[in-house]
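Same chain, two versions here, written out as structure tokens and called structure 1 and structure 2.
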Structure 1
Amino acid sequence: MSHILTAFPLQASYFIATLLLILGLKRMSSPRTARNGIVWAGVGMLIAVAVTLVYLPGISNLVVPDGSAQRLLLILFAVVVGAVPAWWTGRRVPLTEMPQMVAIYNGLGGGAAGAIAAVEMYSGRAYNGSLAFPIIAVIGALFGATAFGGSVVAFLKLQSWMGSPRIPGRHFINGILSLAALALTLASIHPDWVSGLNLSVDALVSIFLGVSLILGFFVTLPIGGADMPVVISTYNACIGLAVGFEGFVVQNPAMIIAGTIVGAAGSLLTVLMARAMNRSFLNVWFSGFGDVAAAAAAGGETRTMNAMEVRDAAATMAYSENVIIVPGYGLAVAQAQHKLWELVQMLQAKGVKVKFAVHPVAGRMPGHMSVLLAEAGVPYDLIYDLEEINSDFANADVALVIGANDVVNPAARNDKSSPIYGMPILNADQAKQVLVIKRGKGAGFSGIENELFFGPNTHMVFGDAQGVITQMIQALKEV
């Protein structure tokens, strides 16, 4: 009877936490309700953690002689050690560095799932009972450790601390690592199968986890930075599945449900990101896109870009009827979103109709530009995605491109030799006049030269986005 009284509030709390997580994720699907959705999901996770500590104080696998009270103190200490820096970095990290923060926090989730699996395997609990438990534990460890290793590389790339080196025979190396990981996965499911190797369970598990980490590192290492949105969403899916698998092992329904939801959402997001680039999942991970792009850029001929003064660009927009703005990562780097909204408000006061066009893979992670504009207070009804606004460019007087590159490159439509050929783009080149704010004449993040910059109806306004838009605002005051 006492067991039932204890289990009921625990399971009921998990149910409430799961419901809040699902509703929170649903609300995150719209910019209008995303902030509220984050709060709902956060409250759900807080409830799940709190009731776990209250009703299952003995869940820790740490060996402390004095009993569960000391174990609970260690758990609370670990929570503080993780929560304080996360809260501090979450509040201080600028939006331009949000992608790498997402990458590393995703990775830590995978590392946590891998650590849970490791503890269950080292202790032998994963091998008690049916064969299903070690299978689930080992697969979860594989996903978690591989995602952790790959997420660290993604973080280093996005932080510009690591490039995308060309590794001779990388497919062969990755193939060997994959086969080794598969063999160790099978061996770790039932250590008795490899008893002839004279390896202890601890040694076998350690080698398995090490190879999984290295596999994630080497698979991600050659991938170009322009493909990081797909990489991050893929690892997000893997981490969700890893958490769900380990939830089965430790019999925690909150982990099972939350992990499954995150895994499904990450998988769908990966498909959508790859589709937005008109590339298959395998092409993103194994094509060496960054190398192809760099080679294409290196072989291009030198051409001239038509420049325009800031004052002339401002006047052009002031006397237009329809202006479409295409934000890119350069806007985020310059932290010019607030100045841009001020500029838009001034144009609207002069009777100009202004819209924002956001490509699905603009920025460094999914939804990056939408978050950037929302932070500046841009109304959601002014923000349109690719399918909604592409047909409007032909009737636009001006398309203002700020720091965007591949997502407006006409080579995706016209040049079959281009690495991005077939990728759906925003049709900015079809506007009557195109104004591009750009810091310099170099290629974008992917290394591909943008045909838009050399178009007959394109004028470049060189300079940092923050400075250029500030000058535009001043010029509009004088028009």
Structure 2
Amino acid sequence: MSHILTAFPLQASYFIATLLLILGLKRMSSPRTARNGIVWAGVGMLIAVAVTLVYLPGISNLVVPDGSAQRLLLILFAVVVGAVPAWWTGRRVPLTEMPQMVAIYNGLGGGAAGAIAAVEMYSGRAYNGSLAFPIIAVIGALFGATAFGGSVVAFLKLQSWMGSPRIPGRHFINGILSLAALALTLASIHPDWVSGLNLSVDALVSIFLGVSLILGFFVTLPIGGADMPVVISTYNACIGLAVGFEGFVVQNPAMIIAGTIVGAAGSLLTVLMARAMNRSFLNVWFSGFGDVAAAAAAGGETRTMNAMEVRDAAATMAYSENVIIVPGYGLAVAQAQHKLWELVQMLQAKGVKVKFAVHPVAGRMPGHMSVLLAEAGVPYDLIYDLEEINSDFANADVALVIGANDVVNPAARNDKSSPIYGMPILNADQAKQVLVIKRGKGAGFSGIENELFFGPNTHMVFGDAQGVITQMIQALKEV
């Protein structure tokens, strides 16, 4: 590593940048300061990148003495190529699709960590010092590349471009891939160990990265979409660690500290998320949740649901005193949160007391639904947590369930054989009347039948959330 990187202004700037990144992250963990936390971190990042750019030509000069200007242009070109699509998609994608975008932006960081390791190994720089360097470079690359492959699958699943195919012998395939990745990890740490294979370091490292990528792909493939938040969060932690490791390889303290902090914070966040969803971390990664759910769904006999016309449902609510709305993913996919707020304001004008009951994992990620409702302009004092509102359902005249399923499934309370048994749920079934807006008669995201929909005081309003709510607003204007 060249002496240029130890220049005082550079090191001082990295110090300030690192401080801002840590303080920014700290601020993001409290609702009061969260909004400017990202700005603090952003300023820190900007300082680190700008200062690095200033010193880059000097570094390139040592490698390509007559081409350092072109090299700087190439780097700036790469920045533009990466920034434009990320900026464009990040700005334009609706908030409902944010989870998969987070997955892909996250995965890109893992790919970048893998690329740094690759360059350091291709060039031989990683092998120049003590054995610690290639060990850390290779392990970081393994984490980064595997998490990159997995994040792509998470993106494809959340985007509904890919299901959860049951590949015969997937445990066998994953076993072989893991062994191959392990062998290649060892070989890449010290290529002399496999000198008998006559593989160049370039080829060895490329195969290693390719296999790691495929491993991430296959490991993530069987995991159901409902568990994706935990998966994305796990990869976030892995990539943080990979960045910290590669920071050690390129001797950059900002990368070491920021990466390690994300690795630790991300690990804890993963556990907290899994707990909020009542899923254990190990279960998400190694169990066949999908298999159990499919079996449970297949066993259910056909019963009848009570259907209700949209205008009748609207009138029922208009003449109630207390209404609790339980929004779920169906609301989010239909982009109906704005229409819903319009409906609620009309009900309020008629003197109906309306509250929103938001389950911690409503939507696709913990906290996702709060963000969507806030986007539509719903004030926070109408939004209640599970613990705050569960005792209120018994006093509610109507519980309006919109596109939510598993989070109101009484099976979680009283059916020990159910895969979701023990998950905290919203007690919508205790309301005097339950209205459910649902697209079809099928089971929910987890594939589990919902007893609530067959209840004596439950009425189903079939249709897309956006359409049904629009019709309800129409109906209310006429009442």
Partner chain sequence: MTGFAALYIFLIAAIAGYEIVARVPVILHTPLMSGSNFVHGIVLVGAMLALAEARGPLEVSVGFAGVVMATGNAVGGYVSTERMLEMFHSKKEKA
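These numbers come from a predicted model, not from an experiment. We call the rigid core whatever largest set of C-alpha positions still superposes within 1.5 Å between the two forms. Counting starts at 1 and follows the sequence of structure 1.
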For this session: Return 1 or 2 according to which structure is the form predicted on its own.
Result: 1
Problem set entry | Core-aligned CA displacement of Leu95 at least 2 Å between the two structures | no
Exercise. Superposing on the rigid core, is the CA of Asn409 displaced by 2 Å or more between the two structures?
Worked result: yes
Exercise. Leu382: CA shift of at least 2 Å between the two structures after core fit?
Worked result: yes
Problem set entry | Cα displacement of Tyr329 between the two structures, once the rigid core is superposed (Å) | 2.5
Seminar exercise, completed: Core-superposed CA shift of Lys355 between the two structures, in Å, is 6.1
